[in-house]
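Below you'll find only one chain, the form predicted alone, shown as C-alpha cells.
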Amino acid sequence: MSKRFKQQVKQLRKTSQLVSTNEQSKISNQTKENVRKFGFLMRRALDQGKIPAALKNASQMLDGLRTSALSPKNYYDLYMQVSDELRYLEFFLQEDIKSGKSASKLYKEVQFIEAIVPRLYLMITTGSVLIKSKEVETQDVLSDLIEMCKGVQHPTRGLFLRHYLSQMTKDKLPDKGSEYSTSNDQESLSNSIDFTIKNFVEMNKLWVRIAHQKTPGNLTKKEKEIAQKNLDIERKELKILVGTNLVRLSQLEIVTLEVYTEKVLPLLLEQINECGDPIAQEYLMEVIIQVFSDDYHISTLPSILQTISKLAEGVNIKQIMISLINRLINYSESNSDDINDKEQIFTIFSKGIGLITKERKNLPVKDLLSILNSLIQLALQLNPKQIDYIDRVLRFCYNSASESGSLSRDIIKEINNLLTTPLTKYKNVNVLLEFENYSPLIELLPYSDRRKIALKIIENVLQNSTYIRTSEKVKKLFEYVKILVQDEKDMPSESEEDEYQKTLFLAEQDAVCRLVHLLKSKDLIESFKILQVLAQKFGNSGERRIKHTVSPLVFSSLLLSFKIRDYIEDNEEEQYPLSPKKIFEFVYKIVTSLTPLFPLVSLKLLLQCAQASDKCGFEAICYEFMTKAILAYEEHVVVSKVRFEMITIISSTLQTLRIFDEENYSTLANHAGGHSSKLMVVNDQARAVCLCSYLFWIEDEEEDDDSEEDEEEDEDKEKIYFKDTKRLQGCISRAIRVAGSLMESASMFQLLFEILNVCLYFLRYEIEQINADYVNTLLELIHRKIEENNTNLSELVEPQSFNFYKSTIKHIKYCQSQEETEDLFKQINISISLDDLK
C-alpha cells in the first residue's frame, strides 16, 4: 500500500462524513487493487504452507474494509471481493486442520492482529473452522464472536461484519438433529435463537444508523438533499443483509409455534417498535410476514396487528396489511380444513383495522380501501356463505369514503375494486342482492363509474345465466343498475355524447333487454309481479331508452300468457286467479302508450300481440290489437317506403290469424287492401295490392273433421278458412293495371313477373276467376310489352329479373308435363320458347 494512500485512509477514519462521488470512486478503485494484491500474496503463502504469512497478508487485504468514506453500495462491492478471498482462506484452513493441526490455536493467533476490523473478520473465519473441527463447544465460539463484534460500531463496517458472521455460521447453528448440537435440551438449543436474534438486533441498529451519516460539508442544500436521497436508496439495497437473520431464524426446527409465540415474535416486534425508522420497520414487517409459517401468523394476529398500528409515519401500512392478508388467503385456499376458527380470524382483522384507523388518523383513504378490499377477499375465501362479513366491510368502506369529502381518482378506483371483488367471486347476483351496503357504495361513484359497475352487474347475470325469481329481488337489482334505466342528474346530455358514448349506450340497452328474459319465476303470479315492476321501471326510463326496453317486456308478457293458458287447460278444476286476458290488458296499456312516441315499434308489437291473442282464443282482444295497428299506420306512418313495409307486415300478420269470424276478418282485410291501393309510389302500390290478394284465400290450419270417414272423403280437398274470389281477382287485376302503366321497363317487367307467379299459385286451387285463360292474358301482355320495346328481354331487364322469368316459364312447362298438374296447366299458351328469351 502506497504511503500517500495510507495517509488518506487514516484521515478518512477520523470522520464519519462521506466524500464526494469522484473521491469515492478513486478510493474504491485503490482499495480493490489492494485487495487483489494482498489476496494474491495470501493465496501464494497458503500454497507454500506459510500460515502466519498468509494471515498477515489477509490482514492487510482486509485493511480496506476499515474505511468510512465509501457509500454503502461501493462498500458492498468491496465486501464481496474480500468475501471471495476469505472463502478460499476458510477452505484451505479446514483442509489444513484435517492434517492434525489445532483449530483452537489458530483461532487464538488471529486475535493478536492489531486492527480490529481485520482481526474480527479473521476471527469469524477461523471460528467457523473451529466449530467444524468440534474441538470446543459450538455455543462457546458463537458467544465469543457475537460479543467481539460489538467492538465495531461504525454503521457500514459493523453491518457488513455482522452479515459475514451470519453467513459463516448459518449452517453451524445448533438445531434439532444438527451435527453441531452436543445436547438436545431446549435450553441449549435456544441459544441458537438468542444468537440469531442478538445479531439481528445489532445489525438492524447499524442499518438504521447508516441513514445518519454526514454528507460532504461543501455541498449546497439541494445537493445535500440529493445525496441523502441517494443514500436512502443505497441503504434500501442493503436491507437483505438484515433480513437474512430472520430467514435463518425461520428455518430453525427448534422455533416451534410455542417458541415463536412466546419468545421469538415478541423480541422481533419489540425491536421493530424501538428502532422507529420507517424504512426498517416496513422491511422487517414484510420479512416477518413472508418468512414465517402461515399458521404462526394466524396464532399471533393480534400482536402483529397491534404492532402495525404503532409503526412510524412514512411506513406503507397498506402494503404490509395486504401482504399479510394475501398470505392467509393463499394458505386458506390449500389448507381450508386446517383453519379452525375462521370467524375469529375475520373478527381479529376487523378489530385490527379499526385500531389502525384509530391510531393513524392521517392514513390515506385510498390505502384504507385497498386494505379493506383485501379483507373482503379473505372473507370470501374463509367462508363465502357468511355475506355478513362482506356487508360489514362495505359499510366500513362507505363510512370512510363518504367522510373523506370529494373523492380522488385513486379512491374511486379502490371503490370500483371493492364492488367488483364480490361480484367476480360469487358469479351469482342473487347473493349480491342480499347486501345492504352495496348500493350506497355505488352511489358514491361519479356517473361514468356507476355506469361501468351497473353494466358489469348485468353482464354477470347474463354470462352466468342467473335467474332472478322474485319481484323484491328485481327491485333490488334495479337499484344497483338504475343508472342504465333512468336519467341521472349528473349524466351528460345526448348532444354532448361522442360516437363512442352513443355506441356504448346502445350496448347497455341491449344488455338490459337481454336481462329481462332472466327475470322470471317458476310461480306464474310472481312472474306477473316481476313484469309489473319492469313496466314501472321502464315507464320512467325516458323516451330514449323505452324504445329499446319495451320489446323484451312485451314478449316476456306474451310468453307468460301462453304459460297461463296451458296451466289453466291442464288444471280445469282449479280456479286460477290469473288469466291470459289480464296479461293482454297489461300489454295493451304498455304498447298503446308507446304509439305516439314510437309508432313503428308500437305497430309491430301490436301485431305480435294480435298473433298471441289469436293463439289464446280471444277474438275481441285480437281484433282490438289489429284495429290499433291499422290506426297507428293511418295516423303516424307517413314516409312512403315505411308505409309499404308496414302495410306488408300488417297483411302478412292478418294472413296468420284464425280467430275471426267472416265479418271481422273481411273488415280488416278490406282495410289492408284499401291502404295498399293508396300507396303513392306506383311500384310499391302494385306489389302491395298483389300481396293483398293472399288475404282473400286463406287456408285453414285447424282440423275440424272428427270422423275417420269424413277425413277420408276430404283427404284431397283443401280446407279454406276464408275466401272472396272476387276481391282476390280484383287485387290481381289492379296490380296488373298499375304495373302496366309504369314508364320504366325494368320495374314494369319485374312486377309483371311477380304477378304471374301469384297467378300460378292460385291456379292450383281451381279458382274460377284465376284460370288458364287469365294467365294467358297476362302472358300475352308481357309478350306484347316486349314486342313494343322492339328489343330482346335480356336488354330490357336486370339479369336477376330475366332469370326469374325464365325460371317461371320452365316451371309452367314442368307442370304441364306432370300428371297431377297437367289438367290445370295444359291450357296455358307459352307462345315464346326459352331460346327466344335470350
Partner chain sequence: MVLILLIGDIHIPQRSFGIPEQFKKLLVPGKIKHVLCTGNLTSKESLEYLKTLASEVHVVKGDFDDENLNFPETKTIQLENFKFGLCHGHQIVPWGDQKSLQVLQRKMDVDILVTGHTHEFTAFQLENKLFINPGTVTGAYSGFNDEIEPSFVLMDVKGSKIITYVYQLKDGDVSVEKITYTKPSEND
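Keep in mind it's a predicted model, so treat the numbers as computed, not measured. Residue numbers count along the first chain shown, from 1.
The next section is about a form of this same protein that is not shown, the form predicted together with its partner chain.
The partner is absent here, but in the predicted bound form a heavy atom of Q611, alone among Q611, S190, N416, T244, sits within 4.5 Å of its partner chain. A single residue from the set H212, K475, H517, K582 has any heavy atom within 4.5 angstroms of its partner chain in the predicted bound form; that residue is H517.
Of the candidate stretches 99 to 107, 727 to 735, 429 to 437, 553 to 561, only 553 to 561 has residues whose heavy atoms lie within 4.5 Å of its partner chain in the predicted bound form. With a 4.5 Å cutoff on heavy atoms, S299 does not count as touching its partner chain in the predicted bound form; it lies far away. Using a 4.5 angstroms limit between non-hydrogen atoms, T627 is distant from its partner chain in the predicted bound form. Contact check for E135: no non-hydrogen atom falls within 4.5 Å of its partner chain in the predicted bound form. Looking at Q750, you'd find a heavy atom of it within 4.5 angstroms of its partner chain in the predicted bound form. Contacts between 739 to 773 and its partner chain, taken as any heavy atom within 4.5 Å in the predicted bound form, involve Q750, E754, N757, Y761, R764.
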